[in-house]
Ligand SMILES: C[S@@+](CC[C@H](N)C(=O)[O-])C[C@H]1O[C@@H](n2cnc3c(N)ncnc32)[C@H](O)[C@@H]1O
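A single chain, nothing else alongside it, follows as structure tokens in the form predicted alone.
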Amino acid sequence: MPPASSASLLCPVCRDRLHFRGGTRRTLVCPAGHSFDPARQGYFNFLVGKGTVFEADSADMVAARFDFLSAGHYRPLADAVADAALPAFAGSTPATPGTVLDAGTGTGHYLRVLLDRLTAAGTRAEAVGLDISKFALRRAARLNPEAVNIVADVWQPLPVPDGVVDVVTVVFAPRNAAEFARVLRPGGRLVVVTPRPGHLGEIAGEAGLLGIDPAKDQRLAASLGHSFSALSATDLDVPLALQPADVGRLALMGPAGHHLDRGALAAMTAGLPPVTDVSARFRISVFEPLHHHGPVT
């Protein structure tokens, strides 16, 4: 369980402040009495009311992602995300830590690298990891026990007060521009990772992967333009030498995993050579919020 001083949270029911109530299974409680117990695996479920219309990643999709990322294939990307985020923590110390919100945290691998980099730099950050998949959060809570890991819908009001977050990271996940701008402090950073044309092109057709929209950059800029200004964009190419099982995991772990025929995928990977060379092509975009709203008290 994260420490009682972890990042301030808001009740998803009434939007008042949440506080940890003591005990071995720490409960989050607001003044109105709404309470949230941690799941046995350590995460909290903030999906309330009608829930969400979005399809969460399934257990096998999450397992594929966990195994693929644990093998280190995308470690250069995790390092690049940390590089983009670190400047926003320049004023942080272990006594006065910054705050990071990892929106769409998935299995927590990218957040883990950032938290370790901050520790290596002599500081730390209080962390909130949000994802809509409870299967992903089970993994993330084990990997990042010091974070508050929450099942939540990023398209609903985020359970975080105004202006308290130093960095929002979004790695292949939905982007709620207005809410990200609301929770970021002045001078805070939004770090977004998107695929570039040609990403995984060598296997995209055979593996049934979704195509990359050539207008993706324009759509990203348009979706954020009312709330953010662009600071930088960095392209990262990662050459991958993948065994057949890795190709299968890569296909299953992304959005296409919702629709792929598992039997057909297994047959395709069985026919692959011992090693397949694949190009991963990413863009790491950094934005700064245009407006700031007064903090919630």
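Start at 1 with the first residue shown and count on from there. Values in this document were obtained by computation on a predicted structure and should not be read as measured data.
Here the subject shifts to the form predicted together with this ligand, a form of this protein not shown in this document.
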(request) Have a look at 196 to 204, 128 to 136, 114 to 122, 86 to 94 and name the one stretch with heavy atoms inside 4.5 Å of this ligand in the predicted bound form. (result) 128 to 136
(request) Using heavy atoms only and a 4.5 Å cut-off, determine which of G104, G188, P159, G98 is in contact with this ligand in the predicted bound form. (result) G104
(message) Exactly one residue in A82, V192, A152, A141 has a non-hydrogen atom within 4.5 Å of this ligand in the predicted bound form; which is it?
(response) A152
(request) Although this ligand is absent from this view, report whether L69 comes within 4.5 Å of it in the predicted bound form, heavy atoms only. (result) yes
(message) With a cut-off of 4.5 Å between heavy atoms, is P174 one of the residues that contacts this ligand in the predicted bound form?
(response) yes
(request) Although this ligand is absent from this view, report whether D246 comes within 4.5 Å of it in the predicted bound form, heavy atoms only. (result) no
(message) Residues D57, R65 and Y110 are flagged as a possible site; in the predicted bound form, is every one of them within 4.5 Å of this ligand by some non-hydrogen atom?
(response) yes
